[in-house]
Ligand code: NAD
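One chain is shown next in structure tokens, namely the form predicted alone.
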């Protein structure tokens, strides 16, 4: 049932054939699923040449015709949703229901860009003198190099692929070596939809080797990266040496503010479900919870009850509501967060330990009574650990929520319209959900500020990220 893993370069699927590679492991069982070939330097050079050669053709293809190919790819992805979701769950661990929803949302993203690509409008600016026409136009930036992580094997790649292709760019994408099948299946949909050879290329390899080969190339004009802050800073520096456009979607540590006037139990139900999605391995996952004193005890009790009711298991098993962590590194990280919290007086209300004797499972965890300088309150956990602490006043919680160098996502719950507006304005974050966790849709911008990165994916901003603005003054 698992995907045959290959590279895709210049319209051709390439298997091992003597290439180096690595095994892909099922995080629920620890067993090997398949072997992934790595691209050699010659393969990377071929991908660069193919993308460069295909760019003039794809740029000259009308947005209308580009859109038809993208919509066909979206239709194919929907038709294959069960297969793609199964392979993705096997390699990443999330529940099948979550995987299937991710695949269907990925198809919606392709459809959005297929349509939005037809709307990359320019404008006419009135001239100061008679006979002067001033035009502002949008042009595709060129060849793009994109890099994606393991937590969303189809959703994260598709944001970059669909945005770049809709804009008229060609693309080389290096997806995660730990979860390659989702992107392999995604690329198959574009290839089978009739995408010309060289427009989209898929490679894998040692991440540093691939990025340090592709980004300095004169052929690459733009990079897009989703991943950790340290790696993002390194890749941004590589791009800066060539003055190349870059989109950086990096880590976060999303605050949740629950005010006294909110229903604490309703807020707990809403945000707990979102917290444990994909075992907390989500860049916009709510990760530090500030609850005003009046509703604090009720919120903690309801949140803890929810955590204890989660059914851990293989994502393909019926009834599983949370799968394993993606790799052993995350298990070690969770233990480190929990141990540090305990050492600082934190109280474990639920979970706190590894689960089972195979796979990479960690219990849904709730911790209270942790100080603001503890590890769990200052570093992105990227796992199923939720610290909950009380606060007194609006100004106090704003200061605490804004105290970290992250600014990707934030959430707040209140029944007051004035307070909703005030907290939305006060929080330093690229995305804020007030009484809602719906901050990521195809038609809205997705991105952070501060050390969480710059640039946006999704919405009109996601298309403009792959365009150059040109001004023409014509007399």
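All figures in this text were calculated on a predicted structure; none of them were measured in a lab. Residue numbers count along the first chain shown, from 1.
One more form of this protein should be noted, the form predicted in complex with the ligand, which is absent from this view; the next part is about it.
Which of 385-393, 160-168, 173-181, 267-275 lines the interface with the ligand in the predicted complex (heavy atom within 4.5 Å): Comparing against the ligand in the predicted complex, the contact stretch is 173-181.
If the cut-off is 4.5 angstroms on heavy atoms, which of these, 201, 254, 92, 226, is the one near the ligand in the predicted complex? Exactly one listed residue reaches within 4.5 Å, namely 226.
Pick from 346, 352, 149, 359: which residue has any heavy atom within 4.5 angstroms of the ligand in the predicted complex? If I apply the 4.5 Å criterion carefully, the residue I get is 149.
Can you tell me whether residue 234 touches the ligand? I mean in the predicted complex, with a 4.5 angstroms heavy atom cut-off. Residue 234: yes, in contact with the ligand in the predicted complex.
Even though the ligand is not shown here, does residue 313 get within 4.5 Å of it in the predicted complex, heavy atoms only? No.
Applying a 4.5 Å heavy atom distance criterion, does residue 222 contact the ligand in the predicted complex? Heavy-atom contact with the ligand at 4.5 Å: absent for residue 222.
Looking at the partner-bound form in the predicted complex, is residue 132 within 4.5 Å of the ligand by any heavy atom? Outside the cut-off, so no.
With the ligand taken in the predicted complex, which residues across 270-285 come within 4.5 angstroms through any non-hydrogen atom? If the 4.5 Å heavy-atom criterion is applied to the ligand in the predicted complex, 270-285 yields only 283.
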